[in-house]
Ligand code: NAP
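A single chain comes next, written as structure tokens; it is the form predicted alone.
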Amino acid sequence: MGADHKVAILGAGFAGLCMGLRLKAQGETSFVILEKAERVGGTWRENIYPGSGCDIPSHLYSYSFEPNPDWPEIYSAQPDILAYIDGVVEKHNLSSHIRFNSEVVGAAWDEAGGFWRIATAGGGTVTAESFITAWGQLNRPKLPPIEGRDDFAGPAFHSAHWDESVDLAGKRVAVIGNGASAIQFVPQVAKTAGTLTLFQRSPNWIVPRMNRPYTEAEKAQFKAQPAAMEKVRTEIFEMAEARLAAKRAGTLPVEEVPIPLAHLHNQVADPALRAKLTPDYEIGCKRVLISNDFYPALTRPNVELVTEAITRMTPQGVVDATGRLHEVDVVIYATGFETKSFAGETAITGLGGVSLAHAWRDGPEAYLGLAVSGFPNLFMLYGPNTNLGHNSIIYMIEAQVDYVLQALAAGRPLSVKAEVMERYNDDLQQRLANTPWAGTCTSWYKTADGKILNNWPDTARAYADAVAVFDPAAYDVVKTPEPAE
């Protein structure tokens, strides 16, 4: 008895949908996309906080094969990105391949049948010859282990689980964390909150957000002349690639530090506040953020920046290391995501019953960020060491999908050779040691012992080149038992 589908895809965000769209474009119809939620969108479905948007210009943060002449501005907001995703799905009638409310809780390689058995919440099972995971890196919100966190008496939520039922107008709001999400929603919340207290563990390097609306004339030109739109996309890509060189370890302050420092000085006049907002680590070690309104928000009379560590929480609020109790009505956590496991709670089992959790006991790693030895026909989109700190992840995803399509065309169960994967990752970690992410800061890119799990060490083009041609010699063909006569 064969599998239900040739391909099963986990997740209906940008990556999973890209895989489905490319399969459909090739004429393949035997595939299913398993989505935990009731609609598509991934991170753009979930992050609905005020001010949510992308820090990659829209003409690059979109599929190359589905350009959009109607982007309203250079950096688009969450509703516009989600509308783009919805439009692409509708245009290609991809919903017919998506099973909503179908969270994948486990998957096991069936050695006798030579296919994957995929378990969904509620007890369902899907079988597929190949399993493509597109579970993302930033979708498992992380709450900090603060003593008494659950004792707080008021509403409390993570920015990725924004509670729209909570009216923040006039309220005393505490925001814990100041990363990429916080710098987008803090300026919005500060406008209506009675007070906003921002608890900062360490400051960020922030550069200006060079945003503006596209004019109607520009959008008309993009529609009439697709080449003009492609030119804009190429220019954005090349500028992003060039920025990576400026962030390399060893070239540290020369190219980029004057820009964020000038940005800070231009927007924050108070030297004491400015000192609290000046990083003491290399630019690029953490994600460089872009904003025009975060610094001005911190200068508002109803906003306070607290840099003392949080020691505990009480029903009334937050206690810092000086013993001061900050009484608040609402707590919003902007404390990022659990980014080290990739698979989250999903139990994946490969050859010989070995779990992915065991294979990754020393940290997630994969060949080209795509394949793990001992897990036949399992391919990961946006897997280990494929995140970027300078360019569009959509570009990376498209390159990965092209590679996976070549692998699927082989038509046999394939498992990357252990020695190939080990050699690749040894070299990868050596290259990562010479990047800004290996610097002195603490970041979500790396483990406590300094191993970088998330980022790719080179340009986006270098990655696309690395995965451009599928090499069958890097893989073993997995034999399945001959059927009994």
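Sequential numbering from 1, following the sequence displayed. Since this is a predicted model, take the numbers as computed values, not measurements.
One more form of this protein should be noted, the form predicted together with the named molecule, which is absent from this view; the next part is about it.
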Legend entry - Stretch in contact, per heavy atom within 4.5 angstroms of the named molecule in the predicted complex, of 264-272, 215-223, 328-336, 407-415: 328-336
Legend entry - residue 456: touches the named molecule in the predicted complex, heavy atom cutoff 4.5 angstroms: no
Legend entry - Close approach of residue 349 to the named molecule in the predicted complex, 4.5 Å, heavy atom: no
Legend entry - Non-hydrogen atom contact residue 97 with the named molecule in the predicted complex at 4.5 angstroms: no
Legend entry - Interface membership of residue 123, the named molecule in the predicted complex, 4.5 Å heavy atom rule: no
Inset, instruction - May I ask you to choose, among 53, 50, 69, 439, the residue with a heavy atom within 4.5 Å of the named molecule in the predicted complex? - result: 53
Legend entry - Answer option from 211, 292, 302, 202, heavy atom within 4.5 Å of the named molecule in the predicted complex: 202
Legend entry - Heavy atom contacts to the named molecule in the predicted complex at 4.5 Å, residues of 135-163 in sequence order: 138, 144, 145
